[in-house]
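One chain follows as structure tokens, the form predicted on its own.
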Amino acid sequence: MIARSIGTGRVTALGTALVLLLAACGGGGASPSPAGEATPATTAPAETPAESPAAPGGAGPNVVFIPKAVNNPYFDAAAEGAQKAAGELGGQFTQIGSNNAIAAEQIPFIQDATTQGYDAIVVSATGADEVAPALRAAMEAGIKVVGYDSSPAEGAYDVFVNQTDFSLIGGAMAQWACDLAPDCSGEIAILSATATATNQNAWIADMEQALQDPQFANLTLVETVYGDDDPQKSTTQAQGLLQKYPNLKVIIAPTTVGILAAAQVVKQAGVSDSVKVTGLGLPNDMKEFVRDGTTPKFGLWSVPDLGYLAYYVAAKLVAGEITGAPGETFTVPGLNNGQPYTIGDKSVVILGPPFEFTPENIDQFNF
């Protein structure tokens, strides 16, 4: 079963969670900065530094975030947390990237950032191996590299900030599918993001492993399809699942774009009484579908906290407070109940366990 606490343990009681989540989403007057909207072949990355006061002891770092795709609400929420951190540290925040979650389009942005004099690059890898050479070149140039959300290949980052323990996600999705399928039985399908996304693949592999448990013996995973985190393609894939599998009971989408597209398709098709949608989504996207029963439950973590933690990790690397070596510890204001984070194997830091959204709590969140 999924752990029922939000983000990094910043809170344990739901009421306190709400207050701090809202603060993370809107603190400091920061707003998401989806810059560099055109593809890199035609337009140089735009820069949108956060307005920040001088930090005690000197200016903070100049950090660029390169998400899998800009103009994506998930990464906009992470950017808001990063801007908040930049304000606290007296640093600069810039977000650049392609509109498309395609490794070949992400690489030029990494290469451009390497030549721009940033202190750190924070990247959600569209393809772990594909972007690794460009990230290694940045590291060789003296730039600190932090992965977040979707990990680059080992050796192509100093620290990877993982939103949660991968082992929790797959088991949670299997349980949600079981809860939503009548008598925990019937056909289920997965609508993923890109076939190369490391986080998606890890969660799917863990879900497939979890489905081997006898309690899920009557669930049949019929297919995994990929929407590439593109709304139209995700919509087409969801429509295809409904057409191909008339007895489908649950669509599981471990991606915020996919879960929204699937819920819209199921509702518009008028089959939400027989087909349910679950996975990982943003509360603001999914409130309508939680209320009408299309998506009775789904999960995520505090996305603003993910960006907040990633910026702080980058700042600590730049300042020399950490190197990314396993076993190092550090604290971040307001996160992890004030307890130190410990850098784990493969230089991974885990934000915390995910949270389950239901009709009882969905209206208490705003991101």
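From 1 onward, residues are counted along the sequence shown. All values reported here derive from a predicted model rather than from experimental measurement.
The form predicted in complex with ligand RAM exists for this protein as well; it is not shown, and the discussion that follows is about that form.
Exactly one listed residue, out of 234, 98, 199, 94, brings a non-hydrogen atom to within 4.5 Å of ligand RAM in the model of the complex: 199. Contact with ligand RAM in the model of the complex, defined as a heavy atom within 4.5 Å, is made by all three of 74, 163 and 255. Taking the partner from elsewhere, residue 149 is found to have a heavy atom lying within 4.5 Å of ligand RAM in the model of the complex. Residue 193 belongs to the set of residues with a heavy atom inside 4.5 Å of ligand RAM in the model of the complex.
Residue contact check for residue 118: none of its heavy atoms lie within 4.5 Å of ligand RAM in the model of the complex. At the 4.5 Å threshold, heavy atoms of residue 66 stay clear of ligand RAM in the model of the complex, well away from it. Of the candidate stretches 243 to 251, 213 to 221, 178 to 186, 293 to 301, only 293 to 301 has residues whose heavy atoms lie within 4.5 Å of ligand RAM in the model of the complex. Of the residues in 264 to 281, only 280 comes within 4.5 Å of ligand RAM in the model of the complex through at least one heavy atom.
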